[in-house]
Ligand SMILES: Cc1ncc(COP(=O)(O)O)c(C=O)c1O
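One chain comes next, on its own, written as structure tokens: the form predicted alone.
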Amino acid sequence: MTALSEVPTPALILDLDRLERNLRRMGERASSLGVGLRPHIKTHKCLEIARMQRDLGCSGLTVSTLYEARVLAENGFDNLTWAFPVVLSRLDEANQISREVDLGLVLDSMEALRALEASGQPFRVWLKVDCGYHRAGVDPESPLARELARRLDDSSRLHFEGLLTHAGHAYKTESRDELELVAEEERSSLVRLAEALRDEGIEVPAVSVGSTPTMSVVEDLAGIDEMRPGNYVFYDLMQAHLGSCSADDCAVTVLASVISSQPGTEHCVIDAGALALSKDSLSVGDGDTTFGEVLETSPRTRPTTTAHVRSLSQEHGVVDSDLPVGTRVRVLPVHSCLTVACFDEYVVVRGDRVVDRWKVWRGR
């Protein structure tokens, strides 16, 4: 086995012990809440992790792109949901994949419904509902929600799977209490719509919710059939800030090297910029913006106060500490989903020993 100290930088480091713990915990949480777990793989984009999730009993997998669906289909996964409003220009590709595996699609418009019906394929279709995020999805109180549900229920070609939502606005909360309110809003808005549709004679087979922040704190999922968190496999600085996890739960870091540290300055430069950490940022307690927190240095010369990556160029990151050139740092990213998508592979470690390397399937 290779020592972590021998890995060239920048590198994406995956702590296998933390990953395994996170996978077990969310599986246990889904079981205790009485729902199926259909994890979103957009965070990890990794076959090895998908297999671990399957082995732990997930009911299926969720993807954000047809590329992800195709890779999974080619590697033995056969129960997938493309949780993204269907892209009409890629219907032929979706048709092909659906002939090979059980692929669920998502829509929120009459245009998409007509296109799917005209395709001639017996797609499984979820109706996407807006539970407060206001990005995509039908208003649960709108006539359109009922019209689309009825058309799906009446369709002789399409199979209506039920209602699906994503509480992305959970990421804008500022306290655990606010987060718990969003989690309940996510649940209750879909349950109310499902009950209203059933009262009108429309069969709603299932209700699906999910974001890592809400699923990490929710205590009641009555009326829900499955949840679809994704980020929980790794967590990140944003999740720790929201209260979804602790910093000790975070499984992915970026290993970087100090490449410049000029005398008389109070900063240094590392070889991890926007193309390693992404440009997602977070406002931290001192009122400044961080693009990542320095968790560890090697040699262990960690500053007396917490160090942060304060600015980014394409390949440069500026850290607010004058660490010596050659120091290696482990940076906890703000948003692990986007950070992972910057790399081609994980360097998988247990402690300070490299035990494997896993491909990141990041195609479009």
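The shown structure was predicted, so the numbers you read here are calculated from the model rather than taken from an experiment. Sequential numbering from 1, following the sequence displayed.
Keep in mind that the form predicted in complex with the ligand is not shown, yet the notes after this line are about it.
Contact with the ligand in the model of the complex, judged as any non-hydrogen atom within 4.5 angstroms, is confined among 267-275, 229-237, 117-125, 289-297 to 229-237. Using a 4.5 Å cutoff between non-hydrogen atoms, Arg29 does not count as a contact of the ligand in the model of the complex. With a 4.5 Å cutoff on heavy atoms, His40 counts as touching the ligand in the model of the complex. Remark: Ala83 counts among the residues lining the ligand in the model of the complex, judged by a heavy atom distance of 4.5 Å or less.
By the criterion of a heavy atom within 4.5 Å, Thr253 is excluded from the residues contacting the ligand in the model of the complex. Exactly one listed residue, out of Arg135, Arg198, Arg192, Arg99, brings a non-hydrogen atom to within 4.5 Å of the ligand in the model of the complex: Arg135. Annotated contacts: His44, Thr339 and Tyr346 are all free of the ligand in the model of the complex [non-hydrogen atom within 4.5 angstroms]. Residues from 200-222 that approach the ligand in the model of the complex with a non-hydrogen atom closer than or equal to 4.5 Å are Gly210, Ser211, Thr212, Pro213, in the order they occur in the chain.
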